[in-house]
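What follows is one chain in structure tokens, specifically the form predicted on its own.
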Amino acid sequence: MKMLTLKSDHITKIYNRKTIFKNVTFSVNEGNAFAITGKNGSGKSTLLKILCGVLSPSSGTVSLSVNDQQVLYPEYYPHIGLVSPYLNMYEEFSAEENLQFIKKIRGLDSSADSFTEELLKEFGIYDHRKKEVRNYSSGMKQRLKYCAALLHNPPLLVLDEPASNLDEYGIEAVRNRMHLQKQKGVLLFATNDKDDLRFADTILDIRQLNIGE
């Protein structure tokens, strides 16, 4: 099994002369879960974006390594699956069409079709796979984001508020997946939900850092 490690080395983010967080340093390895917690507006989502390569830090570095070999951009992204409120599906496409499009972007072939069906069933939207996403509830859209993020079996799964907009069924599906991810890869997530935090091996309270108010 390939061993993945994510490292944050003195990450600092300054926006409009305001220090959002400073000197964030940690390392998380295969088989572990790392959680980021803190009050709203403290920078949890911003830190996740930096760790995923969506944003750049003001200073410091993020590194991803597989089997002790550093992975550089753009090879970084095939190792990551991200679920976040700011990521959206194509509203005019069905769930099935959205996932087919994402599979093409990721270079997945027809061998992934059966796994796609499994994911749609796992997250309770298989019976709605032909419907345009514009007709989905917010919870169904959130479940579809999980299907999209998991299509390529990412060794690193990154979740921003894992249970956001989900009903009891959706929350159970997500937490089952969080448990599975810990067993086979790395789980990184941001939340203030105590039920989510029980999955974490390590918790970073961003309020303990040098935060600009």
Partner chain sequence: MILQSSYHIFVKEFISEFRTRYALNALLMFVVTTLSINLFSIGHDSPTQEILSGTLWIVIFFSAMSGLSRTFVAEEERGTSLTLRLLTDSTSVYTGKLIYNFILIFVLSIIIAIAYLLLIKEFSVKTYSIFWLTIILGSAGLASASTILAAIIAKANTKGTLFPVLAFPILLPLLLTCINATKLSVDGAFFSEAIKEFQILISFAIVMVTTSLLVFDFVWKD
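In this text the structure is predicted, and so the values were computed from the model without any measurement. Residue numbers count along the first chain shown, from 1.
Below, we turn to the form predicted together with the partner chain, even though it does not appear here.
> Residue-level contact is defined here as any heavy atom of the residue lying within 4.5 Å of the partner chain in the predicted complex; does G60 satisfy this criterion?
Looking in the predicted complex, residue contacts with the partner chain do not include G60, since no heavy atom lies within 4.5 Å.
> If you check in the predicted complex, is D113 within 4.5 Å of the partner chain, heavy atoms only?
Outside the cut-off, so no.
> May I ask you to check whether E92 falls inside a 4.5 Å heavy atom distance of the partner chain in the predicted complex?
Yes, contact at 4.5 Å.
> Heavy atom to heavy atom, is G38 within 4.5 Å of the partner chain in the predicted complex?
G38: no, not in contact with the partner chain in the predicted complex.
> Would you point out which of 176-184, 23-31, 163-171, 48-56 contains residues with a non-hydrogen atom within 4.5 Å of the partner chain in the predicted complex?
Contact criterion met by 48-56 only.
> Select from 155-170 the residues with a non-hydrogen atom within 4.5 Å of the partner chain in the predicted complex and write them out in sequence order.
Not one residue comes within 4.5 Å of the partner.
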